[in-house]
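Encoded as structure tokens, the following chain is the form predicted on its own, with no partner shown.
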Amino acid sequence: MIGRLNHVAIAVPDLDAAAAQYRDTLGAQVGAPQDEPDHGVTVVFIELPNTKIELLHPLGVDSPIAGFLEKNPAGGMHHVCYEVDDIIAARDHLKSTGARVLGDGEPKIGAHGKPVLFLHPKDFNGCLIELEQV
């Protein structure tokens, strides 16, 4: 059901500093900051030959990333995102196996302009999973 790894997301307390570190220290291709108000984050994508890194920074007072950074002030890995061909079929299959879909269970449009869902980390070995339809 899941396809390739789309990205690994890292929550960061300082988006500019993190982007500069990937660009200047690691020599990576770093995109421009992009506000995602529906998700409460500002993101920067780092293009790698085989996947992407998504830097996440809180946007607004209700950002889920703000709570993550309160518990992890230095930042850290937040989630992994896998591609799926049909997000509704994937959701329905996962729910039938007992996996919990976060939110209202309906896909939202993600940072790539495609439907996404998040799966509860307690159902996946402590790892928050994002699914993105491709």
Ligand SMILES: CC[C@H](C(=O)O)C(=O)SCCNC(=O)CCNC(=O)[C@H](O)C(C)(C)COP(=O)(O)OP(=O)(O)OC[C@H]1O[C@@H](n2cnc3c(N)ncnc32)[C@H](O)[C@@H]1OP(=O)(O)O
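What you see is a predicted model, and the numbers here were worked out from it, not measured in a lab. When you see a residue number, it is the position in the sequence shown, counting from 1.
The protein also exists as the form predicted together with the ligand; that form is not presented, and the subsequent description refers to it.
Worksheet item: Does this chain block the ligand or leave room for it once its pose in the model of the complex is superposed onto the site C-alphas (blocked: 3 or more ligand atoms within 2.4 Å of backbone or C-beta; open: none)?
Response: Open, since after superposition no atom of the placed ligand lies within 2.4 Å of the backbone or C-beta atoms.
Worksheet item: Of L48, L26, I88, L102, which residue is found within 4.5 angstroms of the ligand in the model of the complex when only non-hydrogen atoms are counted?
Response: Of the listed residues, the single hit is L102.
Discussion item. K52 versus the ligand, in the model of the complex: is there a non-hydrogen atom within 4.5 Å?
Written reply: Because no heavy atom of K52 falls inside 4.5 Å of the ligand in the model of the complex, the answer is no.
Practice prompt. Mark P13 yes when one of its heavy atoms lies within 4.5 Å of a heavy atom of the ligand in the model of the complex, and no otherwise.
Written response: No, P13 is distant from the partner.
Discussion item. Would you classify P64 as touching the ligand in the model of the complex, given a 4.5 Å non-hydrogen atom cut-off?
Written reply: Yes, contact at 4.5 Å.
Worksheet item: So, in the model of the complex, is E36 in contact with the ligand at a 4.5 angstroms heavy atom limit?
Response: Taking the distances in the model of the complex, the answer for E36 is yes, it comes within 4.5 Å of the ligand.
Item to complete: Taking only heavy atoms into account, state which residues of 94-131 are within 4.5 Å of the ligand in the model of the complex, ordered by sequence.
Response: Those in contact are L102, G110, A111, V116, F118, H120, P121, K122, G126, L128, E130.
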